[in-house]
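Just one chain is shown here, as structure tokens, and it is the form predicted alone.
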């Protein structure tokens, strides 16, 4: 499970391109894991879209994670599901999906993170690091809060919330997180180039971080 560049879909950012094609471009540019996030469509539409996206991710050997909807994840045999604090509890989701599927959980505090790990999460989406239009109600925890959570758990941590091409390097350098997750920084504009630049930034930060430790 390579979490370096965790791309989360949002069709509202796409201009003149369908979502399945955008996912293909994101992967071509360097996205290492895809989360399909749909809030405004019917279950049938979500299911049909997930099947199409899965064809792309499977062909490229990239994990497909379904946001919130455990039923959709199971119906299309996705690689995993990601749930928030207001969704089904992680321990319940783990029982439903079994031991072999990937379970991601959102966390914004050390307490939430520790509980999620105990309840069976494979990784955490931690934030919001900065304020974001995707979830304007979420309080920003900053890089310091991000690092506190990373130090409190043993499972991988992905930074989420307000991450851009401009701040991705600082986040990766100053914390020990395993990757970054973004919506607009990937899917707004040139999707393939966005992904390529983000992954290059992430890889440089990881390399510089290792050098600093020496």
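Residue numbers count along the first chain shown, from 1. The shown structure was predicted, so the numbers you read here are calculated from the model rather than taken from an experiment.
Heads up, the form predicted in complex with a further copy of the same chain isn't pictured, but that's what we're talking about next.
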Task: is_contact(residue 72, a further copy of the same chain) in the model of the complex, heavy atom dist at most 4.5 Å - done: yes
- [ ] State yes or no: in the model of the complex, is some non-hydrogen atom of residue 44 no more than 4.5 angstroms from a non-hydrogen atom of a further copy of the same chain?
- [x] yes
Open item on the list: Can you tell me whether residue 38 touches a further copy of the same chain? I mean in the model of the complex, with a 4.5 angstroms heavy atom cut-off.
Closed with: no
Task: Contact flag, residue 119 vs a further copy of the same chain in the model of the complex, heavy atom cut 4.5 Å - done: no
Task: Segment assignment from 152-160, 180-188, 64-72, 25-33: heavy atom within 4.5 Å of a further copy of the same chain in the model of the complex - done: 64-72
Task: 140, 110, 96, 143 - the one with a heavy atom within 4.5 Å of a further copy of the same chain in the model of the complex - done: 96
- [ ] At a 4.5 angstroms cut-off on non-hydrogen atoms, which residues of 84-100 are near a further copy of the same chain in the model of the complex? List them in order.
- [x] 85, 86, 87, 88, 89, 92, 95, 96
